[in-house]
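Only one chain is included here, represented as structure tokens and corresponding to the form predicted on its own.
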Amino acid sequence: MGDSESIWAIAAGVLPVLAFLGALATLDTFKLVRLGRIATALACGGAAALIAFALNSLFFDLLGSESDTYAKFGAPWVEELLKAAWVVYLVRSEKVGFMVDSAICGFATGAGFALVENISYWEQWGDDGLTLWLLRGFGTAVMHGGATAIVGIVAVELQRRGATRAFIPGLLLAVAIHTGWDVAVLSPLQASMVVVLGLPPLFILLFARSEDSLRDWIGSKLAKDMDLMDMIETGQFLETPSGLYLKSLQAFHPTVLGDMLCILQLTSELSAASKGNMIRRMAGLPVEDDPELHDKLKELEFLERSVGLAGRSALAPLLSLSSRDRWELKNLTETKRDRELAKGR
């Protein structure tokens, strides 16, 4: 294979999955996923590929004549579990909150895996022709990204609904897709066509649904945040059912009850600020720095320590923080840190 053909072959094995990832990022209207997180996901996927290569090599040596069966039915489990590890961390730690950001992070992780895998295969198959690398770039690489994206999409949706084993269904589906690919139920060309033609409309549909859900959530929750802040500032809150509940907690010292009220107010302010940032990003406007954000976050941490575990438990019915609510507070903190890093502070 000549130098120019080699360049085209490398590009065919690498660029399609990166282009697909870029297309997903452009569908992220609210800019939920920043470039740094995509880069981290790519790196984690690459690390997973290196670990998978070592484990698979070990199993191939141990199994000998049975290695072909392992390659078809065992390796998909190893690879999908390793790829899913980063996605599991993101969802469990509530660093992603919607199908959009979980899909992008999941696809980026799978893309990183595929890129490292293709580089390792290049050493073995570099001269096997452009067709092979087109199939790997448009087929296998995108399959890896899509399978891991499915793990994230299913997990974040099930966790939002309170499922305790949110990762199992998506992981089983990813393994099934991967196994079907390795068993070669379809020819390589047919399988690649299914991936290339099937994944884009699926992701567009999921992203549209997720962004509709996000818009509804922002609108309804922002209105509640604003109403709560207004009632606290005007003194009307204590006459509401929520305020009467707070006053009924006679087991707590009045100072602790006052701290609980401050927690409600601060949480609403931070929640409203986070939603305001998302709306600005959607509109293409810059997100402005809040000079008081650091102090507010520190004050919230202090108040939560002050009321203690019992106080936080008693306050939980009023806060009603879902996984998305906790995600937005973490997102607000990370957005501030990203801007500080960008400015070289």
Partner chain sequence: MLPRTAAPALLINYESKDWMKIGKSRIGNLDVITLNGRLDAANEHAFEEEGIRLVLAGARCIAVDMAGLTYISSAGIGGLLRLRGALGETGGELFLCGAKGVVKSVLEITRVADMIKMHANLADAAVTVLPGTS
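Source: prediction; values computed, not measured. Residue numbers count along the first chain shown, from 1.
Here the subject shifts to the form predicted together with its partner chain, a form of this protein not shown in this document.
Q: Just to confirm, with a 4.5 Å cut-off on non-hydrogen atoms, which of Ser306, Thr40, Asn56, Ser67 contacts its partner chain in the model of the complex?
A: Exactly one residue meets the criterion: Ser306.
Q: Please identify the residue among Glu94, Glu117, Asp259, Asp225 with any heavy atom within 4.5 Å of its partner chain in the model of the complex.
A: Answer to the contact question: Asp259.
Q: If we take heavy atoms and a 4.5 Å cut-off, which stretch out of 26-34, 277-285, 298-306, 56-64 is in contact with its partner chain in the model of the complex?
A: Correct option: 298-306.
Q: Looking at the partner-bound form in the model of the complex, is Gln250 within 4.5 Å of its partner chain by any heavy atom?
A: Gln250: yes, in contact with its partner chain in the model of the complex.
Q: Even though the partner isn't displayed, in the model of the complex is Leu246 close enough to its partner chain, meaning a heavy atom within 4.5 Å?
A: Leu246 belongs to the contact set for its partner chain.
Q: With the partner left out of view, is Leu238 within 4.5 angstroms of its partner chain in the model of the complex by any non-hydrogen atom?
A: Yes, Leu238 is a contact residue.
Q: Report yes if any heavy atom of Glu269 sits within 4.5 Å of a heavy atom of its partner chain in the model of the complex; otherwise report no.
A: The answer is yes: Glu269 has a heavy atom within 4.5 Å of its partner chain.
Q: Does anything in 202-239 come within 4.5 Å of its partner chain in the model of the complex by heavy atoms, and if so which residues, in order?
A: Counting only heavy atoms within 4.5 Å of its partner chain in the model of the complex, the contacting residues of 202-239 are Ile232, Glu233, Thr234, Gly235, Leu238.
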